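The chain below stands alone, shown as C-alpha cells; this is the form predicted alone.
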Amino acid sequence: MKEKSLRKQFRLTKKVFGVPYILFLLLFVIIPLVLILVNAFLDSNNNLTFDNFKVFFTSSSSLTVLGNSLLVGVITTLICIIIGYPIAYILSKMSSGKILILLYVIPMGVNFLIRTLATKAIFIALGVELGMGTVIFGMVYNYLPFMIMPLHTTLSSIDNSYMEAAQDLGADKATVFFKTTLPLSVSGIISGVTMVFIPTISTYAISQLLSNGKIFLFGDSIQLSFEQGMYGVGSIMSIVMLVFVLLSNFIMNKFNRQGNAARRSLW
C-alpha cells in the first residue's frame, strides 16, 4: 500500500515536465526584469531617484538613437518583405520548395557574429564604404530567413482550391493573388514582421561591426550604458525597449486578428 501511494505521489504528469521551463523563466526572465525595474529607480549610491528618467528623456542623443533604431527596423522589415514574399511564394509553388528552403535556413546555424564579420570582410575587400547602407544590408542578410520561413509555411498551407475557384469565376492571375492569396497569407506576413522588426530595433553588434562604430543604434546605447556603470540609465533604456517590443506585439496581434477575419469572410 505504501509503495502504491509513493508511486501516485511521484507519478509523471504534464505539470512535472513544465517545472524546468518555469524555473528557467524565473531565473533568466522574471528575476532580470525585476532587477532592471529596481535599478531604474536607483542612483549610483542605491538611493531612490527619478533622475534616470530625466537623463534619458531630456537627452537629444538618446532620443535620436532611438529614432534611428526604429527607422532602421522599419526599412529592414520592408526590404525583407519585398525580397522574402516573392521567394516564399515561388518556393511554395515548387515541388522541391521544402528542400530549397533549407538553403535559407542552413546559414542560420552559423553564429550571426561570424556571418557579420564575414560580410564586413567582403565589403572591405570590395572597397565599399561602411555606413548606413552596409548596416541595413547586414540586417537584411541576417534576418531575411526569419521573414521567408513563416511566409513559406503560410503560403504552402493555403488550399489551391481557393485559387482554382477564383479562376473558375473569371478572375485573372493578378486578381486571384490580391483578392485571395494575399489576404490568406496575412498571418505569415505578421509573423515575419514580428520576427524581423523586434530583433532589428534591439540589435547592437551588427550596426557597430558594419559601420566601424559610425552608426549607433539603441542596443549599442544600452550596452554602452551598462559598460560605463550607468545601470540606472541603461535600465530605463531597457524598459523603453521592452515597451516597444510589447507595443509591436500588440499591434501585430491586432492586425493578425483582422487578417483572420478577412480569411473567414473569404470562406
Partner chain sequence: MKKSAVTIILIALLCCVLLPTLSACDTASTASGTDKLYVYNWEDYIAPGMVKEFEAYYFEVTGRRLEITYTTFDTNETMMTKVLKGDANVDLICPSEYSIEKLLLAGCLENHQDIYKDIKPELDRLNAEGQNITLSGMSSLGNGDGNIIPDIMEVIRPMFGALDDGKGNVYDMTEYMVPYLWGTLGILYNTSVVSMEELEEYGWGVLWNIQHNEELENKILMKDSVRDSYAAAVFYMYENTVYNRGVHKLPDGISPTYNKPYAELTVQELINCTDDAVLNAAEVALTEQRDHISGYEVDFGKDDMINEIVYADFAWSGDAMWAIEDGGYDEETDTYQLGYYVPPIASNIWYDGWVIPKTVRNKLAAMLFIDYMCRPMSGIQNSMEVGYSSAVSKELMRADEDVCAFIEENDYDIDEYFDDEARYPEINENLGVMRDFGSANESLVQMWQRAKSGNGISVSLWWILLVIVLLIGIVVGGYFLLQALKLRPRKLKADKSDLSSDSGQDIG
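Predicted, not measured: the structure shown is a model, and the values here were computed from it. Positions refer to the first chain, counted from 1.
Same protein, other form: the form predicted in complex with the partner chain, not shown, and the subject of what follows.
At a distance threshold of 4.5 angstroms between non-hydrogen atoms, Glu129 is in contact with the partner chain in the model of the complex. In the model of the complex, at least one heavy atom of Lys179 sits within 4.5 Å of a heavy atom of the partner chain.
By the criterion of a heavy atom within 4.5 Å, Tyr162 is counted among the residues contacting the partner chain in the model of the complex. Taking the partner from the other structure, the partner chain in the model of the complex has no heavy atom within 4.5 Å of any heavy atom of Ser238. None of 97-105, 116-124, 144-152, 193-201 except one has non-hydrogen atoms within 4.5 angstroms of the partner chain in the model of the complex; the exception is 116-124. Proximity to the partner chain in the model of the complex, defined as a heavy atom within 4.5 Å, holds among Leu169, Val110, Ile90, Ile83 only for Leu169.
In the model of the complex, Val55, Ser59, Ser60 are the residues of 40-60 with at least one heavy atom within 4.5 Å of the partner chain, listed from first to last.
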